[in-house]
Each structure stands twice: as structure tokens, then as C-alpha cells.
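The chain below stands alone, shown as C-alpha cells; this is the form predicted on its own.
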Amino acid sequence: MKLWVDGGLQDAATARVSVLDHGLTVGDGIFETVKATAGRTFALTRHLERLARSARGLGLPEPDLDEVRRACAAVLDANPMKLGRLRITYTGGLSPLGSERGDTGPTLIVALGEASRRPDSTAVITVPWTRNERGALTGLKTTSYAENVVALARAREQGASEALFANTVGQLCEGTGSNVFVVLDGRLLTPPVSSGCLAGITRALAVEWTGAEETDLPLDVLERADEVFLTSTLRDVQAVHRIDGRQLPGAPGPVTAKAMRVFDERAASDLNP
């Protein structure tokens, strides 16, 4: 396996980043996960635009997106696979111990891992912890993911693949690595970015392609929704058949099934929407 570290390809077994990298010591970094099918990326331009937005939000130097594209192409060429998770990581680089950044410049890593197509439906849980819709990192795709690790571990313990959060005012927000949509009285709804959720690439495309409405939703909408589905880079559109102890028989329901079909068709016709 080959990956890209700061300017070139390296063997995964011997590639090295300093133990004093700010991404390691304090989680000072950003990332993107891009779906790659037979070496071809999906929505790469949108992902790189969000990478740059996250860098600005975190105060990191603007990434050289041409270099990132070259790195992605090199890693994909070096590691042929049917379906892959292409991970772009960009950190504060070598820095002193503590929160202050050093002046050596950022670290860029691009790696690829094999992936498999997700099932058509999945189980999710809700967790008691909240997303802070007013936090300094809100809306940024940062490497500070320990909160998600804890929530996802709880989901796995309960036979689910995702955990859903409310925000600090009790509104439905997002999953650890996904956005959430609900069908209520025939309307397809999803929390707005102002709820504190990440502006997911798949979320944005699903809104655009299905006409879903963005609106504040209480967390307990999950107890009443006729259908629920998740969106993310590797899930695309995935139905939910269980939320905590509540079963949603027949998932994917008709609205979700249509969203899945529309997304698959549109994504297949344009790899860089």
C-alpha cells in the first residue's frame, strides 16, 4: 500500500509523520473522505472546496489544491481497487507541545483504504451528548473526532452503525459521520446547517436532487417520522430500519427508495457534480 506524505508517495509500512505533529498532539487538523470507484473520485471539487473552507476556519494556511489533486491521483494510481475510501488529512504540522502552532508549515497526507458497499438499510441510536451549534469548530471537518469515537462505540454495542446527536437546544442535528433526513406527513426534511451539523457533500446533493426542505426539527421527530435515512460519502443514501427500540418496517420506504434511486442515477451520470 502506498500513501502520500508531504510531497511524495511512501510505503504505508514505513511512512512517518513526526510525533510532535500538531494533528497528533492536539488534534489540530482537517480532513476529507472521498469515495473512489475503480480509481475515479466522486465530487472531488466539492470536497476540496470544503477542505479549503475548513482550513480557513481553523486558521491553517490555505492548502495547495493542485498538490492535493496530484496526491490523490498518485495514491489512486498506486493502489488499484474496486471501491475505496480516499482520505485527505491536513494538519498544523510540526509544533511545540501545547496549543500554539509551530512555523514549519502544515502536513499533508493522502491515503486509500478498501471499502464495501453499504447495506440498503441500517440501525441507529440516539445518544445523550450534544453538538454545540455555537462552537469554534462548528461546521468544520476537523480531526477532533474523539467525541464521535465514543458515540459510535456505543452504537456498535447496541447493534447499530450510527449514533445521532441533538444540539444544545434539543434539535435534531447529525450523526457521527452522517447527515439525517426524515419523512413526516409526506414531506422530506433535514436539519439546516445552522443546527450545528456538518455541511455534508452528499447531504447537499441529496437536498438539490430530491427537493428536501431544510428546517429545524426537534429530536423527538425520530419517534414520529414515517421514514428516516442517512447520507454520507460512503453511505450515499441509506435507509434506517431501527432507531433505538423503534422499528421502521418496510425500510426503505417509498420516499427513501426514490431518493436512493435518484442519487444513484445522478451520481452515475456526473462524477464531479
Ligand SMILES: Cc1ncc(COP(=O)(O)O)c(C=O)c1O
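Bear in mind the structure is a predicted one, so any value in this text is a computation, not a measurement. Residue positions are given as counts along the sequence shown, with the first one as 1.
This protein has a second form, the form predicted together with the ligand, left out of what is shown; the following refers to that one.
- When contacts are defined as a non-hydrogen atom within 4.5 Å, none of Arg118, Trp209 and Thr256 contacts the ligand in the predicted complex.
- Checked against the ligand in the predicted complex, the residues Val75, Ile201, Val182, Ile88 give one hit for a heavy atom within 4.5 Å, which is Ile201.
- With the partner removed from view, the residue among Thr176, Thr122, Thr107, Thr138 that has a non-hydrogen atom within 4.5 Å of the ligand in the predicted complex turns out to be Thr176.
- Put simply, Ser232 is close to the ligand in the predicted complex: some heavy atom of it is within 4.5 Å.
- Looking at Arg131, you'd find a heavy atom of it within 4.5 angstroms of the ligand in the predicted complex.
- Interface residue remark: His241 is not counted as part of the site for the ligand in the predicted complex, having no heavy atom within 4.5 Å.
- Heavy atoms within 4.5 Å of the ligand in the predicted complex are found in one stretch of 167 to 175, 187 to 195, 76 to 84, 122 to 130, which is 167 to 175.
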